[in-house]
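Encoded as structure tokens, the following chain is the form predicted on its own, with no partner shown.
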């Protein structure tokens, strides 16, 4: 399924440079739009740099992971994976200065619950959010359509969990390893860390799954090299070098994973409060006025509809009389 999926076609990239170029473009486009009247030095101090955006998004990826892990009722792991995909995809085409990550984060998880058929109401969902839950509900529901639009409505996500189950079954069948189930803790830990990297935007779910299995096996002092070469790729040796390189790079990405310094992130968030797009800030007067205007327009549409319905009541009654007489 993955080779013919929208994920493979539209959301899997050739290299990290391609991803960084997309993120850099969003940063530059936002600054050009909102800082047209500023000199270069003022722009530098007022707006977030690409590096500051990177650190900010990394911090909110940690928040996303923690929110999902403490969610009540407990979430299936596939929801966490799908939410991470949505979050990363959204910020390939948007700057965090335009849409604050704390608001998009919750919307990504909520949409993921729907797509993965985890049946929780919006009331249950915001019950897991600290603070003003009514406000959180409004923000999530307001951003849901925006998120789907920015994902181009490609909502199906292929996570590494199914390939992992396949590998474990195959290892039990064709490998002499004792109790392969003991690999699960190491596999789960590794996959969780891959979502804090860009691996899911660069590699297939099966490549990430195999990297996780091999990593967990090495932690258990098990060697699965012969299983990979003789069982998995016995009849496709020409594909082996590409796989080995992909697995090596995924494991390297996880190994060099860094976490943003908390004091640096606090400074970035203070800077973001000043340079964010106030039209998308639920606490700003501009946003509140825009929402009020939209609600008034919707009320006008409803009134117009009611008027047209009332104006045609007699014709409707006539039609019903004709039906009853026939």
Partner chain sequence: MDEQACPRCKTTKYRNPSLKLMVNVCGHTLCESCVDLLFLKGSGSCPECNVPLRRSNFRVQMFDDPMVEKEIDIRKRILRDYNKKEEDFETLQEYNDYLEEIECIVYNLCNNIDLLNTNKKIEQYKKENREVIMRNKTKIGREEYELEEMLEIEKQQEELRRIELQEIEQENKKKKIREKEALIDELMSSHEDASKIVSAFAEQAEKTREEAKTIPAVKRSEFSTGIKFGRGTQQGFLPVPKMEEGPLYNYVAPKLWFDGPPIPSAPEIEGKGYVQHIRGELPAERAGGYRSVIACQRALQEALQGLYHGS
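Worth saying up front: this structure is predicted, and the values here are computed from it rather than measured. Numbering follows the first chain given and starts at 1.
Another form, the form predicted together with the partner chain, is not on view; read the next lines as being about it.
J.: At 4.5 Å between heavy atoms, is residue 248 in contact with the partner chain in the predicted complex?
T.: Residue 248: no, not in contact with the partner chain in the predicted complex.
J.: Any chance residue 239 has a heavy atom within 4.5 Å of the partner chain in the predicted complex?
T.: It does: once the partner chain is placed as it appears in the predicted complex, residue 239 has a heavy atom within 4.5 Å of it.
J.: Do residue 96 and the partner chain come within 4.5 Å of each other in the predicted complex, heavy atoms counted?
T.: Judged by the heavy-atom cut-off of 4.5 Å, residue 96 is well away from the partner chain in the predicted complex.
J.: I'd like to check something about residue 12: if you look in the predicted complex, is any of its heavy atoms closer than or equal to 4.5 Å to a heavy atom of the partner chain?
T.: Within the cut-off, so yes.
J.: Consider the chain as shown here, without its partner, and state which of 190, 167, 125, 90 has a heavy atom within 4.5 Å of the partner chain in the predicted complex.
T.: In short, 167.
J.: Report the residue, out of 151, 216, 202, 136, that has at least one non-hydrogen atom within 4.5 angstroms of the partner chain in the predicted complex.
T.: The option sitting close enough to the partner is 202.
J.: Is it the case that 77, 107 and 115 all touch the partner chain in the predicted complex, with a non-hydrogen atom of each within 4.5 angstroms?
T.: Negative, none of the three is within 4.5 Å.
J.: Choose one stretch from 107-115, 239-247, 136-144, 79-87: the one whose residues place a heavy atom within 4.5 angstroms of the partner chain in the predicted complex.
T.: This holds for exactly one stretch, 239-247.
J.: Which residues within 171-208 place at least one heavy atom within 4.5 Å of the partner chain in the predicted complex?
T.: 172, 173, 174, 202, 203, 204, 206, 207, in sequence order.
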